[in-house]
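Here we start with a single chain on its own, the form predicted on its own, put down as C-alpha cells.
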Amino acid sequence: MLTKSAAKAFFLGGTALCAVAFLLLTLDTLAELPKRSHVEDMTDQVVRGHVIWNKNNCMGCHTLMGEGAYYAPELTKVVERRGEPWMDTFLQDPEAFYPGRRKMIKYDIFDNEAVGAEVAAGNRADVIAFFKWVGNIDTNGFPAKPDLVPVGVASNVDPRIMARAPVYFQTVCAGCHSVGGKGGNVGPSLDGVSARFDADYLRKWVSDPQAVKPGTTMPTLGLKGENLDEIVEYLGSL
C-alpha cells in the first residue's frame, strides 16, 4: 500500500506525464492536419459551399465525417460514391428524383426558377466542390465502404459494354443500374433490356417514368434532346 507521500508523488507524476502526452499529441495533430485535410485545396468555391452547408443547417439531417444527424445519408464520401453529375442532377429537384421516397426538400438555392439558372448552377457547384474537398481529407478509412454482395453477371455479357455508354449514363444512370456487372444495384440490371422493350417504350420510360408507371421509384431526370437520344440509342443496343 502506498504511503501518503508516495501516493501524492504518483498522482503528480501521472498527471504531468498525461499532460506531456496530451501536449505532444496536440502538436502532432496540428502538424498533420494541413497534410491530411489538403488545406492548400481549400478554394473560395469550397468556402462558399461550406457557408451554404452551415447556413441551411444540412447537418440537421446529414452527417459529415461522423458529425451531425443520422436521419439522412452520411456525406463524407458522397462525390466518390455518386459522382458530380449525379449530385448536380439530384440537387436540382430531390423530390422529383425519387418520387414518393425522398424526404429531402427542393431548396430554392438550387432551383433555376427560384434564383435563376446561373445562380442555382453556381450554388450547386459550390456545394459539390465543398463535398469534393471533404472527400479528399484523410480520415483513416472513415466511412467504411459498404459491404455489398456483387451483382451476378451472365457469362455472355461483355463488361466493355459500359465503357461505350454515353457519359450521362456512366455518371448518372450507373448510380442505380448496372451493365455488364458495372454500376449500381439499386435498380434492375439493364443487360438485354432491348430484347424486352422496343425503342418507343424506352424513350417514353426514360423521359417520364411516372407517365408510364405511376408510383414507380425510377427518378424523373428531365432528360431531353441529345442526352435522351443517346440514352435510348444505347439502351437499344443492349
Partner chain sequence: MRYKTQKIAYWFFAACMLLFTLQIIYGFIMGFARMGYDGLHEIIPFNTARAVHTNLLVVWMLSGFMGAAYYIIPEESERELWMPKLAVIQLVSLLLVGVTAVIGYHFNYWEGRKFLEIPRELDYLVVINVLTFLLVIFMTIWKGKRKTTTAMVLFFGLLAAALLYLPGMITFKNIVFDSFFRWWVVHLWVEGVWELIMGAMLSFLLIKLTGIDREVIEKWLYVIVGFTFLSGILGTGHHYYYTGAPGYWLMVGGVFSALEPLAFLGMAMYALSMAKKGGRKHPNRIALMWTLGCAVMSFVGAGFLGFAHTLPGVNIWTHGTLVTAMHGHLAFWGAYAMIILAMISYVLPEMTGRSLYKSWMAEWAFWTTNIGMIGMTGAFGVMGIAQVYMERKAGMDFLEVQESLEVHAVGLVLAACLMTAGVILFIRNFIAYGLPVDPTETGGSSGAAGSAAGAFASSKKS
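In this text, all values refer to a predicted model and were calculated from it rather than measured experimentally. Positions refer to the first chain, counted from 1. C-alpha atoms forming the largest set that superposes within 1.5 Å between two forms make up the rigid core.
One more form of this protein exists, namely the form predicted in complex with the partner chain; it is left out here, but the text below deals with it.
A single residue from the set Pro73, Gly116, Pro85, Gly122 has any heavy atom within 4.5 angstroms of the partner chain in the predicted bound form; that residue is Pro73. The stretch among 47-55, 209-217, 196-204, 172-180 whose residues place heavy atoms within 4.5 Å of the partner chain in the predicted bound form is 47-55. The partner chain in the predicted bound form comes within 4.5 Å of no heavy atom belonging to Ser189. Shown alone here, Ala163 lies farther than 4.5 Å from the partner chain in the predicted bound form, counting heavy atoms only. Residue contact check for Leu91: none of its heavy atoms lie within 4.5 Å of the partner chain in the predicted bound form. Although the partner is absent here, Ile137 lies within 4.5 Å of the partner chain in the predicted bound form, judged by heavy atoms. The partner is not shown here, but in the predicted bound form the stretch 30-66 reaches within 4.5 angstroms of the partner chain through a heavy atom at Leu30, Glu32, Leu33, Pro34, Arg36, Ser37, Val39, Met42, Val47, His50, Trp53, Asn54, Lys55, Asn56, Asn57, Met59, Gly60, Cys61, Thr63, Leu64, Met65, Gly66.
Superposition of the core reveals a Cα shift of 2 Å or more for Thr26 between the shown form and the other one.
After superposition on the rigid core, the Cα atom of Gly68 is displaced by less than 2 Å between the shown form and the other one. Asn57: CA moves less than 2 Å between the shown form and the other one after rigid-core fitting.
A shift of at least 3 angstroms pushes the Cα atoms of Gly135 and Asn185 further from each other in the predicted bound form than in the displayed structure. Three angstroms is the minimum change: in the predicted bound form, the CA atoms of Gly184 and Asp111 sit closer than in this structure, by 3 Å or more.
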